[in-house]
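In structure tokens, one chain follows: the form predicted alone.
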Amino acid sequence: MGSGRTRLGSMDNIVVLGAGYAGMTAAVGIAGRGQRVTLVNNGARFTERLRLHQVAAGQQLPKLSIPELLDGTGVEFVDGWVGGIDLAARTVRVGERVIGYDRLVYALGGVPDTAGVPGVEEYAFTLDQAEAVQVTDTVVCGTGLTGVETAAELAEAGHRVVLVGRAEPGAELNAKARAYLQRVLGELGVEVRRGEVVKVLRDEVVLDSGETISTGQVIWAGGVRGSELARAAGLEVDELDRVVTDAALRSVSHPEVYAVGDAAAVRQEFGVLHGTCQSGMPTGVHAATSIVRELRGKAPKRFRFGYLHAPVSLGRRHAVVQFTRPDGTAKRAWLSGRVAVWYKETVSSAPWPSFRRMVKVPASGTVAWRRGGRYTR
């Protein structure tokens, strides 16, 4: 009987741009149904974005090989930088190579939003760049969960850390979980300053109040936006350069293009999904399933998603897990202590084994999510 895979159609090629959580999910899910797929990524190592704050603190992570995972799937892997997309010709340029597609999955993720504040691009590092931070005097800009995780990890490693942002750390959590998070930050020695960063200089940051904070290094964790590639190609994008999708995750301007993960502006009734692995992998599954439906002559289904939790690591010894309603607002239930550490690590470790299972099992059977929201334009 062989592998049980059946080629479902005669389309020339499905091209997936980006091998992050969403792109890998889409590529492996489509290939698992026997369809020919080309996966393009700049680099052969899978980047665990959920763990970049650990890398910044000098921790060594396993090197996860994209080609190794794809071995035996039939997916063609192309290591290179995407130079452009020709939507009219349905081609993608990667270096000197031009790759044709019949369906395109745009999964290039997000890039740090560094353009809005003077000096950030010149003097600040992002987590993509801050590998094994050597300077022990650090200001982390951004009090969202990424900034909190980064500050806690660095402080636990012995750095003097100032965490600065407009909102209080843990603002997304309920009162008890927020108090716990802030107490752990205090115990780790993280100094929290409230205010908006309006300028970054070589050795200090300037707040909107006029206050300055001296530092040896600045790490910018102030949000992400989409790559400029989609806008340059002519896809309809939102104000953050994310591809605007319809209910099935197809581009509203070019329905042969699916957009998934951080690169997509996926609107549900409670707003546009914020970029996380929690929502990214389900969009990849849905894109894979929808493309297979199209190969069978069926219309793709509407995508529905609801948040389940917000797991936050606070170094290696502490964590907090906030359970949420489908719209992402905090419920009363939350975890802390060792069980929260275990929960967070389980979540962070889940994607890679899931990819491996998808090689043999249809994607819809390996990744489950809460379908609590509905598309709204």
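Heads up: residue numbers just count along the shown sequence, starting at 1. Since this is a predicted model, take the numbers as computed values, not measurements.
Just so you know, the form predicted together with a small molecule exists too; it's not on screen, but the next bit is about it.
- Within 4.5 Å of the small molecule in the model of the complex, a heavy atom is found for not a single one of Glu172, Val320 and Ala350.
- Residue contact with the small molecule in the model of the complex: Ser290 places no heavy atom within 4.5 Å of it.
- Residue contact with the small molecule in the model of the complex: Val341 places no heavy atom within 4.5 Å of it.
- Contact annotation for Gln278: at least one heavy atom lies within 4.5 Å of the small molecule in the model of the complex.
- Put simply, Leu108 is close to the small molecule in the model of the complex: some heavy atom of it is within 4.5 Å.
- Heavy atoms within 4.5 Å of the small molecule in the model of the complex map, among the stretches 269-277, 209-217, 115-123, 240-248, onto 269-277 alone.
- With the partner removed from view, the residue among Gly100, Gly74, Gly234, Gly80 that has a non-hydrogen atom within 4.5 Å of the small molecule in the model of the complex turns out to be Gly80.
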